[in-house]
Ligand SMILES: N[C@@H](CCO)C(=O)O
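One chain is shown next in structure tokens, namely the form predicted alone.
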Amino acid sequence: MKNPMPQHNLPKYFQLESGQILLGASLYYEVLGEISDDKEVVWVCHAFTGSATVKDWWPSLFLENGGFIDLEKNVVICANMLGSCYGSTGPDSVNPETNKVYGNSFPNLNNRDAVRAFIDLRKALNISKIDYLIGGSLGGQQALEWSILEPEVIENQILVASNAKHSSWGIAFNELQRQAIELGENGNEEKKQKALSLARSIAMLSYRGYDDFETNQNGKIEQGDWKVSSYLKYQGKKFNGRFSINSYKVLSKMMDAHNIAESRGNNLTAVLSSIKTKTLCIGIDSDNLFPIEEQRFMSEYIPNAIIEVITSTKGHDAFLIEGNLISQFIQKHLINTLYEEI
């Protein structure tokens, strides 16, 4: 049975990298298993539209589904990031200073802000060491940032389909999605949802790849529409009601702003070279959004980093689909090695 997800209150005046203050903010989080000295901590940083309920969206990481996480030996923690719409303070929250929903007045966030909030939760939970910090995509960006902020805390990090600085290509996709949202932002609820659907459809082009579309979305359906057209419309509509327009904008800008060298001398290779955490970089050979070159770059400059490649036609989405393979890589390079060193 799942533990209820408690709310962690951040310091009343939570200062952001921008200099702005977030007043009375909180994080919604989940703990699977019991926090104790004899259990290794697995902390998961969720992806863009993910949530704290990691077992729901990444089930293949868990032992009963063929994954590496054994709740007899591990405790799993995942917090919904600031700016999201699944329980933590975000743009749909009420601003305590005005008693109105933040909306577009919600401050800009970056990954450093999100990680500092996680660190505050870590301290409140009395966790002094994170044995395995794992994140995919936006979550991987946050995991990397965390290993720089708290090198003495993170024992091992697993960066899946992520990067050290967001690319112009990735920013372009996010910008198109925000422009799509803006088309319906001042309309009625139906127009807003259509705009969000369009943004999600654009995103699907970056989440999947050429071969996957050719294999699974080729030709026409019985009604005469192109199969791929029907697929994109379906994915867009399915997303409606599941995610917030305002959070979509905030988190996409958070991803765009990702650059671990920002305010650290702006030398990306030097910052990567300073990382002390044992690192496993995992890329996907068909990933168009976070291409394999980005994981190779990180693994080249992070001392003693290891890289593994997932062969898949599923593009960026393979990081969610291939939890068993990710687990095998972790067991091969981190868990077995950890036990050998004891």
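Worth saying up front: this structure is predicted, and the values here are computed from it rather than measured. Start at 1 with the first residue shown and count on from there.
There is another form of the same protein, the form predicted in complex with the ligand; it is not shown, and what comes next is about it.
A.B. asks: In terms of non-hydrogen atoms within 4.5 angstroms, which of the given stretches 30 to 38, 65 to 73, 295 to 303, 310 to 318 touches the ligand in the predicted complex?
C.D. replies: Every other range fails; the passing one is 310 to 318.
A.B. asks: Quick one: does R200 come within 4.5 Å of the ligand in the predicted complex, counting heavy atoms only?
C.D. replies: R200: yes, in contact with the ligand in the predicted complex.
A.B. asks: So in the predicted complex, does G50 come within 4.5 Å of the ligand, heavy atom to heavy atom?
C.D. replies: Residue-level check for G50: yes, a contact with the ligand.
A.B. asks: Please run the contact check for Q141 against the ligand in the predicted complex: heavy atoms, 4.5 angstroms, yes or no?
C.D. replies: Looking in the predicted complex, residue contacts with the ligand do not include Q141, since no heavy atom lies within 4.5 Å.
A.B. asks: Hey, in the predicted complex, does F106 get a heavy atom within 4.5 angstroms of the ligand?
C.D. replies: It does not: once the ligand is placed as it appears in the predicted complex, F106 has no heavy atom within 4.5 Å of it.
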